[in-house]
Structures are given as structure tokens and as C-alpha cells.
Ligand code: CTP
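There is one chain below, alone, in C-alpha cells, taken in the form predicted on its own.
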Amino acid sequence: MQIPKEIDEILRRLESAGYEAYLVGGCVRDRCMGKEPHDYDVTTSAFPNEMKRVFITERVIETGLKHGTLTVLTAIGGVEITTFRQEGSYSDHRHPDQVQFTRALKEDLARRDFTVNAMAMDRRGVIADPFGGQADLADGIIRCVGDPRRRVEEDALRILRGLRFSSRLGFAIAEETAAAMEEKAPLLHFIAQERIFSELCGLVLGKDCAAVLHRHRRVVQTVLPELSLDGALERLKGTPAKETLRFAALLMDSGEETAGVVLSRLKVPTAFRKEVLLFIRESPKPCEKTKKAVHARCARIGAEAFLKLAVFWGKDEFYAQTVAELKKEKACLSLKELAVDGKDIQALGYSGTAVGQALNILFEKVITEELPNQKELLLSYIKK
């Protein structure tokens, strides 16, 4: 695979100025696995002010410069370039208390989380791999760089990152690394809930999600103590890889109230929370396999949510086919598709909450097929 020309130009300019420059981290891992990286990070021996001089003619963002990171704006987006660095202690188990710049690539790679992420590659494709990342990729192993206890004590989020990589890549976690993760799992209480939620999203979407949750349940239950895993593991295997569906499958046995507490604690977006709780509430009540019942349920919860929810009721195509028919017939599936609106009701003399009540009555009559969705007939019914 070719490096994008914008990335190659960044590496070339740093080298031409007399500095070392490499791709680093996830983009190198992905390329070693034959995958096209989503983004590219660059590391260099150039110190911050030296980087600024190299890219003085380019548009840059300097907000991360005190930590050694300069973002160069290119046609393919911002590219982060970071000086080789060493890190001191992590008193909050998340961020280094101080960083020190270095000219040595190996010292920079030594501070990284896992061997598969501690590789660097120059613009010619030559890989620096001092900690055996390529061998661990070949063997399907997630292993901490150096002492695993020290790595996860430094940044406890690495515990969940390791599980996410294991789930996503289908890799096993090395025995010493897994033991350190389990021993240090209580340190996850130092991590912001938003970051925990982000890592859990990646974990539950992975192809090996159920297996990872089973093998490392003690770690997972540190951040989700309310979780009842036994039923969830089997349910997850048959659930499509969509975040709200996977979270609903995970939390379903906990019940709607407890799931709501968990999602609030994780500070998930409001729409995400509502959809997960909807699935947990509705999934135990499969929709009857009649067109009328599907129409009514779609009208109540929305056609898109209904189609997602239907995966919990088996792989029968009836629901999808029926929703498609309703849409083709332009059936009234929501209030906004009703042939009358609030202004029409107000014109009849209604005001305030009575307007909404009248619309809801008409909507109910239409979806139960007591009235056709025709403006004149709906207004005539309300007049009476």
C-alpha cells in the first residue's frame, strides 16, 4: 500500500531538514495487517520549535505544541506530528505529570501501551519494531510494552483499550497482561465515564465481543457492576453490530430502570440512552405478525427503531417486508405524516393542549384503520 502523498511529503520535509520521521502507532499496525489506515500519526526527532520552522509555510494548529504535538492541515485533513518523548509519573492514572522530549525513537516507543502499537515505519516502508509487535500480530496477541503492571497503573484506560483491541482484532491477551489488567481494574474508577463509554462502544462492536466479555468478566464488571453477563453473552452473538442494539443486548437482563442508571452514569448521549431503553422495554413483547399490528407499533416507536428492535424477535423477514409495504403505500407512520396538522385543528376553534389531543386521537384512528388518512374525513370527524 502506498502512503498518501500528503503524508509522504510531511515525512520527506522532516528528513530533508535533518530529522528522523516515522509513521507510528495504529496506522503501522493496520498496514502490517494489510488494512488501509483510517488516519496517520507521525513521530519525529524534531523538537516543537524545530517542527514549526520546518512547516512555517503550512497551515498548522499549535494547541498541542507544549506537549510536543503540531497538527499540519493537509488536503486529507489534519496530521498530528509529535516529538519523540518520554513520560514521567501518572499521579491520576491517566495523564503523565510531565513529558520530556528525546532524540531517541526507542525511548518514545517504550512509553506506548501495547507491542502492536509500538512500531514505527519510515517513508520507505522500513519498520522499527524493538518490542516484537510484528511477532505478536502474527501470533494474535495483545501484550503490554515492558512491565504490564506499570503500563496499566500509568493509564488505567489501557485496560479497556486492551479488551477493545482483543474484541476488534480477535486477538488473545497475553497471560501477564491479562493478570495485570485484572489486578489493577479498580484503577478504572479514576477514569472519566465518557472515556469508559467510548471504549465500551468499541468493545461491544468487536467480532469477538462475547468471548472477550466472558474471559475478562471481572474487569468488565468493575465498570458495569450491575451487569448480568450469562444471558447477555448468548444474546450478543446474534445481535447485529450496532451500538444501541449491542448495549441493549448487554443490559437487557438488568431491566430498564437499572439500565437507565448505568447509561446515565456513563453519560451517554440522550438519543442513545432513549433508544437503548426503548429496545429493553419493547423487546420482551414481540409484535404480532399482522400488518395492522406492525403499523401500530411503527407508529408508536418509529419505523427505523421498529426494524432495529425486530432483530430480537428472530431472523424472520416478515417485519422488514411489512414495513417496506407500509412505506410503499405511504401509510401514516408518524404524526408528521397525518393529513392534517395543528393549524388545521386550530382553524376549527381548538387551542392549547386540545390541539395536540385532537391530533393524537386522529392519529390513533388512522393507524388502527378506523379512519382513512384523508384531510376532509379527519376534519369532519373532529367537527363531530
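Residue positions are given as counts along the sequence shown, with the first one as 1. Predicted model only: the values in this text are computed from it and were never measured.
Missing here is the form predicted together with the named molecule; even so, the following discussion is about that form.
Shown alone, this chain has one stretch from 112 to 120, 252 to 260, 285 to 293, 172 to 180 that lies within 4.5 Å of the named molecule in the model of the complex by heavy atoms: 112 to 120.
Within 4.5 Å of any heavy atom of the named molecule in the model of the complex lies no heavy atom of K66. The named molecule is not drawn, but in the model of the complex it has no heavy atom within 4.5 Å of F279.
A residue is said to contact a partner when one of its heavy atoms sits within 4.5 Å of a partner heavy atom; H38 meets this definition for the named molecule in the model of the complex.
Contact between F165 and the named molecule in the model of the complex is found at the 4.5 Å heavy atom cutoff. Listed residues R246, R297, R158, R143 were compared with the named molecule in the model of the complex; R158 is the one with a heavy atom within 4.5 Å. For the stretch 17 to 44, the set of residues having any non-hydrogen atom within 4.5 angstroms of the named molecule in the model of the complex comprises G25, G26, R29, H38, D41, in sequence order.
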